[in-house]
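Only one chain is given next, in structure tokens, and it is the form predicted on its own.
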């Protein structure tokens, strides 16, 4: 009888959630594919099946997060990102380091691509041949489920990557397509002659111009040209086929039922193709993302989505939901412009461009969504500075500033403190991107090589300022593995045949646990960084104004070109944050801060009183202050 009651309760919950999200699911589905009653019925049946199969512990979590839908917007949320093998060797090895994650303050961990990739070159794991299996080098899906449960019991959510734009050419769907199965040929963009690829190519851009020029690959053995935006071994999925939508829903819910809390949806900007465009950020992409979000809200509502869209500001904001998609699309999106502007202001010691870009292009808050803020990640830095934004600042051009930053962070500009590499130079446009770890780009590598303790101290302060920025700006801050102890560039990647062609591996070093142990209560730069990071993240959790659930972010003009400032504000109070991007003491007029809502001049970061001098607040070199 109790079992029957539970089944009745579960069915009631499903029916309520279907009613809640039916419109959010079917409206975009019909805009994309038209009305197909049979396919829509199949879609609902899929959701019902995965809900029925969902473990009881995860159904309890669903209910908890239905009651607290803004859980990921809390000031308590702190993210940590790592490759499992480089952090712990294997999935089960992560269990040995849960205490370390807790000491750091992490409540969210991102396992970098861990689904089974193709053998050989696989774009760092983003060329997936089996969505239902874990990379055998790190474990099994049962291991993942065990680790997810252990982390969940300690209050830590798991994010994993789900590549939406493409699969590996060895994926089962692709193998069937190669064999001539028409159903699966329609899962991809496959052409019998080059006419259409040539027509599309006229307006497409090359993502990896050095390693993978062009966007199509000819396979004589199957007599087809295949759309391969990123690499020859990554075949673009045909999202104009509703069967692809249903397949990905099955993949998402399988991972959700194994314990994934956050699905990082990779390369979403490229999913929809339209002749005569660059086939990025097409309106249909937002319908797809809304539909996928609605599907998980019905069958696995504890799960949220993070959109990986590294695009220009005007294209980035819609991924967090605008207009009819507001509150219905991705819950998280990477704030790559905050990252770019941080590095730009460090290089120039000037913040007007940063202030203008972040104030002009980005709304103060979103509905049921927020930024994932970060300074470095596993990827390169693309200098997303437009001609329009450059023109808004005297003596700055978009192209010129992009060239300057690429030179500066490759260590090729006079006076540069940075050590990094050039990644993927586009000969036609002149644009170049940069690789390099947080510490090396911030100047620690060059300072240690020169034995310059003063320069090393400045590098540490640059890093801590960056962590304080992402911890307070609004959103969920993400710290990349090893940045908390200042891991430097790892040039040994050149000796690994699988990695040698891709210098992004220089900023993907293995975790140095010996260094971590020395940094625990020790001396030197790693110890200073670790202590500083832990303090900043602890203060974030103690300061209500860090929450994105209530507080919005308004960028202000702090009155000095070296100072970047913003206000976190709500009806219940405000916090003004100041960041000095120069190596010199700078002053900010107290009147600017009073206008922003500051009344007590208490620094929440140091948890101490700020003394005014001549009615000004003094900000130390690379200093950071959170004033209430």
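Numbering follows the first chain given and starts at 1. Because the structure is predicted, anything quoted here is derived from the model rather than measured.
Another form exists, predicted together with a small molecule; not displayed. Remarks below refer to it.
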Candidate from 484, 287, 261, 123 lying within 4.5 Å of the small molecule in the predicted complex - any heavy atom: 123
Among the candidates 243, 535, 274, 378, the residue which, in the predicted complex, approaches the small molecule to within 4.5 Å (heavy atoms): 378
Contact segment among 278-286, 400-408, 263-271, 178-186, judged by heavy atoms lying within 4.5 Å of the small molecule in the predicted complex: 263-271
Heavy atom distance at most 4.5 Å to the small molecule in the predicted complex, all of 167, 170 and 216: no
Contact label in the predicted complex: residue 432 to the small molecule, heavy atom within 4.5 Å: no
4.5 Å heavy atom contact, residue 230 and the small molecule in the predicted complex: yes
The small molecule contact at residue 351 in the predicted complex, heavy atom, 4.5 Å: no
Contact flag, residue 419 vs the small molecule in the predicted complex, heavy atom cut 4.5 Å: no
